[in-house]
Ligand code: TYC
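The chain below stands alone, shown as structure tokens; this is the form predicted on its own.
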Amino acid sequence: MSDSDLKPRLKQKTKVQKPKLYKVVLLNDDYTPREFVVLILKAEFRLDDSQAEVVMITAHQKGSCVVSVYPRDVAETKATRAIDAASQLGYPLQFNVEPE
């Protein structure tokens, strides 16, 4: 046998984990106009007209609805921007960010 057969491997394989995902949840309120909710969903979360309508109606009927799933920092940023846009116009629109 040669010496090269007995040498241990020095390279270590590093495992890369995918970032944990978080849900952005739209909460229903009785004060924010439906049209404004759809506008926010389209602008901030890049939903099309039909997707935004479904999310808005589901939140209205069931009390909440998952809008989308993102890594934590993206989910928190999008939820905060949407809440800030609503509050500037005096609407109490709320989003929660929850682990998936």
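Please read all numbers here as calculations on a predicted model, not as lab measurements. Note that residue numbering begins at 1 and tracks the sequence as displayed.
The next section is about a form of this same protein that is not shown, the form predicted in complex with ligand TYC.
Though the partner is left out of this view, residue 27 does reach within 4.5 Å of ligand TYC in the model of the complex, counting heavy atoms only. Of the heavy atoms in residue 59, some are within 4.5 Å of ligand TYC in the model of the complex. For residue 75, no non-hydrogen atom is located within 4.5 Å of ligand TYC in the model of the complex, even though that partner is not displayed. A residue is said to contact a partner when one of its heavy atoms sits within 4.5 Å of a partner heavy atom; residue 32 meets this definition for ligand TYC in the model of the complex. The partner is not shown here, but in the model of the complex the stretch 73-100 reaches within 4.5 angstroms of ligand TYC through a heavy atom at 93 alone.
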